[in-house]
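In structure tokens, the next block holds one chain alone, the form predicted on its own.
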């Protein structure tokens, strides 16, 4: 075979190869990646940054409904309030307070109203050492018994801390104890864990449903 014939065959082969390669690219034979896994949005319960309760300090600060803290709207300021107990030593709550769950500590040991409330002035809180605190200072009362936890709270280890890490940019804010803990029943209920991460490279996973974003 002559040199010209060989060159012609090579040229035809190369042209055919390039045409086949171009056709493969046009048909996207190698460009079909696996379907991206649908990553469903996380339930708002796990992204909501609000605390589970509103502390007295927050209610007063935001001018919320504080009528439930106006003790002397029902109690006579001139008459002492007595706490009654049943045969098992459980405090008997009066009708206006029947919605309270009294479970502060083991074996009902702290279920006496006047362990924390001042019996002589119901609008104040009273610590074991005799200090008096306003209702808006409940965290200081908690710290009088829960010293290690209070120190962790002051350091920003325990509780909810917001604001700025750099104090040069602004102040840090810390939520009060009662923004998360019910003072009469402070044990925090179990929380449902957030869903596990969903890797986007999984194969064979259905794509997002119609209308999903």
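Positions refer to the first chain, counted from 1. These numbers come from a predicted model, not from an experiment.
Below, we turn to the form predicted together with a small molecule, even though it does not appear here.
When the small molecule is considered in the model of the complex, residue 89 lies well away from it, no heavy atom lying within 4.5 Å. Although the partner is absent here, residue 106 is a contact residue: one of its heavy atoms lies within 4.5 angstroms of the small molecule in the model of the complex. At a distance threshold of 4.5 angstroms between non-hydrogen atoms, residue 120 is out of contact with the small molecule in the model of the complex. Taking the partner from elsewhere, residue 188 is found to have a heavy atom lying within 4.5 Å of the small molecule in the model of the complex. Judged by heavy atoms within 4.5 Å of the small molecule in the model of the complex, the contact stretch among the candidates 22-30, 163-171, 40-48, 149-157 is 149-157.
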